[in-house]
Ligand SMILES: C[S@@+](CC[C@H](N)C(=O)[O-])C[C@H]1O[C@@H](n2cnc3c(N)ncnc32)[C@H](O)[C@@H]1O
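To begin, one chain is listed below as structure tokens, in the form predicted on its own.
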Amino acid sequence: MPTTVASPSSNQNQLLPDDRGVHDWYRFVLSFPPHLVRTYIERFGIDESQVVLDPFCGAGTTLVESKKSGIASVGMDSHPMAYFASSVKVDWSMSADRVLAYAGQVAESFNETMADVEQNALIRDSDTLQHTDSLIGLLGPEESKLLIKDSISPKPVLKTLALLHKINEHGDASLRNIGRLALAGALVNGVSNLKFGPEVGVGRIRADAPVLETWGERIQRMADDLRFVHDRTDIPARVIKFDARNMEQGLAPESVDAVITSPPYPNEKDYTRTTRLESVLLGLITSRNELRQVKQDLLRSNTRGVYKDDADDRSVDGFQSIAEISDAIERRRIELGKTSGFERLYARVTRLYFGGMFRHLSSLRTVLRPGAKLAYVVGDQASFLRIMIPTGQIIADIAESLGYRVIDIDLFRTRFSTATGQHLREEVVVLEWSSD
């Protein structure tokens, strides 16, 4: 019987004011909250002698919260922006004074450059820039094509690229990474035209934006945070760029005591699109071929990441519940006359998603110590033609078939689905591993 670990309202996913330190350096939309990580650290009785793993670490919530609690952690993610962000967020080796001195050098150099640019009328002609249909010339042709149309205006792009150049000119690698992550956060919050609700889209078009000022405010907050966590600098936390469906290739056998994670949900949320702007402008993804490779290394959770040769679905051929849901989605598609290429993939991506989770949980067994506890934050979905997918229950069934013990399925919160008019459950599947 599912239990409740928190009041089941949508507010449970909000970042609490006291939790903003480090976590707020860079966050994905709908990242799960730090207080949930603390709940399971305490429930599992994890102490300083143990290691916590997050195999879908995203922006590093589990890693940062574990480090704050004095507990060693390991994170894995194959998305380059997630890998970069989480790696920077657990590096607390820089002093606040060094960060601020570095930021001052970057700002001074940037201002000198922009003064020269203004003098040469390269951005003064706002009429020309605002009526440019593409960003080719400021970015390369391939990079420009990767961006969501109108996600950022030409003048802010020019300033962003100039600032990035100065960030990379000064300081050591750790300081440059701090500067780049602050720029990624500034792009999403204050510089671009993006809006999130929770899907990414284009909001009000900004002809210009205070790029340096927004970046500087974020750098100041990061420096302030470093003053409060300096006594946790030596707590181990490392991040591996790796596909979570092949755990045994990335970690040593029996090296993990607990898992606290939130894998992608089976819906139409394209995680590479949500982070596309910062991934491209920071140079983490520079071509369609690189984007394709990123998608191929991710768990299949949306139709924009499905490829002809994908075979994860074969892993769950024997699961009747998955077959029934997949068949129901396909019948609904035919009944509604939905014929687009993406709609035709709804049934298949459902099978691929759970097949990928099967592969993940299967390969994970080798790296877990006997008695390891696991918490998977997942959500029921109805994105595929309103057919309900009880994600938590199916993952629990898969885990049980692989030898895990299902301890509970805790209700974390409910969220309202505008597509179905229903309140969908967001749950924590709690497991235990025993090698017996």
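Everything numeric in this text was worked out from a predicted model, so none of it was measured. Residues carry their position along the shown sequence, with the first being 1.
Below, we refer to the form predicted in complex with this ligand, which is not included among the displayed structures.
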item: Partner-facing stretch of 380-388, 50-58, 399-407, 366-374, counted where any non-hydrogen atom is within 4.5 angstroms of this ligand in the model of the complex; value: 50-58
item: Partner contact for Asp77 in the model of the complex: this ligand, 4.5 angstroms, heavy atom; value: yes
item: This ligand contact at Gly171 in the model of the complex, heavy atom, 4.5 Å; value: no
item: 4.5 Å heavy atom contact, Leu284 to this ligand in the model of the complex; value: no
item: Partner contact for Leu299 in the model of the complex: this ligand, 4.5 angstroms, heavy atom; value: yes
item: Residue (of Gly216, Gly305, Pro156, Pro264) lying close to this ligand in the model of the complex, criterion heavy atoms within 4.5 Å; value: Pro264
item: Residue among Ile167, Ala184, Ala258, Ala244 with a heavy atom within 4.5 Å of this ligand in the model of the complex; value: Ala244
